[in-house]
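Next up: a single chain in structure tokens, the form predicted alone.
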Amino acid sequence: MASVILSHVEKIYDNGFHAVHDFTLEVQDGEFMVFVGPSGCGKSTTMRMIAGLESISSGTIQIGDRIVNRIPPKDRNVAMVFQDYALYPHMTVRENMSLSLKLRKVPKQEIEKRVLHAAKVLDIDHVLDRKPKELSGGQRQRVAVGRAIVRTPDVFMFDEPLSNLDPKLRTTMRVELKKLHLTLKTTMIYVTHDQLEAMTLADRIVVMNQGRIQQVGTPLEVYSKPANKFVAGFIGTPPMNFFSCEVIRENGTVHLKSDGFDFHVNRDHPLYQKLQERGISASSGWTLGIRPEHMELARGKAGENQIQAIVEVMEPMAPEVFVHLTSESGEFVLRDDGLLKPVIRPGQKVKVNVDMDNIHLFDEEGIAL
């Protein structure tokens, strides 16, 4: 096992494209770290630089106690699992898993021991003599993981390994990978564009966009305290609702105002304190963020901190319902418990309560207050 430390790593291609900017991160020994972000954000490039499959333009990469900038991939003691499995179709499972050890001239008895151990851990010991075409997609993925395990690497690296599987199998394999990490206790770096995979697998998440780190934290930290508007909108299903607003502070209360609402933030609210620290009494260009679960249909009379809206679409996602609405302030979604009492219908006018303890405010640059 080993830690992985990247210090000010940059990647600039010959055509001038700047793929990764000033990437600095420490992956702790035994940690499951997930790089997540949209396609083209630089996450796979960063992983390939760690593995040595891409050169770095500047900075340093350290695995364990070694700076590996000039060390070839085969000598970095990392194992990669790709999304296309990359199994040899003419070889059996046993032969696929043992090939790298044979090339290293590991004794035959040791090879058999490692292959059997990995196969048992992954529950593929009963298919060792089959060829890849005889296996299901999940079994082929397990073989690819097993081929990495037998090498006993310092670091496991997974590049979108579940993207070719159907939704049910992806769920199963996520659980299996989490169990595998708990069993092996080896450092794992995992790349995905699927924020659900990131949230369920990671000890910590690195959210990337346009080659830059946007936030590093536990899944709960990234979800509940997004560092900026990009993270808030990328993490979460459905994503956070955003409303343009202005901030006005008067008579001991902050007003977050838009065409469709006037929310009151009292003195004891953390946002009030932060606005006061920044000396903001009135300004426009702010964005209010509210997650769908922090909004609910008003069951009674009109009150403070409500939005009037019209129901557009109801999306049943048992046991919940996502209600899509339109207001003067724009479109948004709320998550209902599925009971929908009173019953509502598309086209109906409703009032929506907002949980003011869980609102987010972003400045003109998209930075969370």
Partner chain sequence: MMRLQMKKGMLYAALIAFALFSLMPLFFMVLTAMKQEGMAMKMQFIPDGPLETLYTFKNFTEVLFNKDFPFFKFFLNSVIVAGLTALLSTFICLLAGYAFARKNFPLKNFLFSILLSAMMVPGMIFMVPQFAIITNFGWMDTLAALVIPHTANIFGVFLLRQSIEKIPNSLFEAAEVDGAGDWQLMRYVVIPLVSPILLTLILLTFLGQWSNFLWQLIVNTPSSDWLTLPVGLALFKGQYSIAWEKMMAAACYSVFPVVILFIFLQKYIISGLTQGGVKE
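Numbering follows the first chain given and starts at 1. Values in this document were obtained by computation on a predicted structure and should not be read as measured data.
Omitted from view is the form predicted in complex with the partner chain, to which the following refers.
Novice: Going by heavy atoms within 4.5 Å, which of 220 to 228, 67 to 75, 117 to 125, 167 to 175 lines up against the partner chain in the predicted bound form?
Specialist: Correct option: 67 to 75.
Novice: Does at least one non-hydrogen atom of L53 fall within 4.5 angstroms of the partner chain in the predicted bound form?
Specialist: Output for L53 is yes: heavy atoms within 4.5 Å of the partner chain.
Novice: Since only the chain is shown here, I'm wondering whether R48 would be in contact with the partner chain in the predicted bound form (any heavy atom pair within 4.5 Å).
Specialist: R48 belongs to the contact set for the partner chain.
Novice: Just to confirm, R147 within 4.5 Å of the partner chain in the predicted bound form by heavy atoms?
Specialist: The answer is yes: R147 has a heavy atom within 4.5 Å of the partner chain.
Novice: Answer with yes or no whether D129 is in contact with the partner chain in the predicted bound form, where contact means some heavy atom within 4.5 Å.
Specialist: D129: no contact with the partner chain in the predicted bound form.
Novice: I need to confirm a contact call. Of I111, M188, V206, A79, which residue comes within 4.5 Å of the partner chain in the predicted bound form, counting heavy atoms only?
Specialist: In short, A79.
Novice: Using heavy atoms only and a 4.5 Å cut-off, determine which of V106, L135, L99, L271 is in contact with the partner chain in the predicted bound form.
Specialist: Selected residue: L99.
Novice: With the partner left out here, which residues of 224 to 250 have a non-hydrogen atom within 4.5 Å of the partner chain in the predicted bound form?
Specialist: The stretch does not touch the partner at all.
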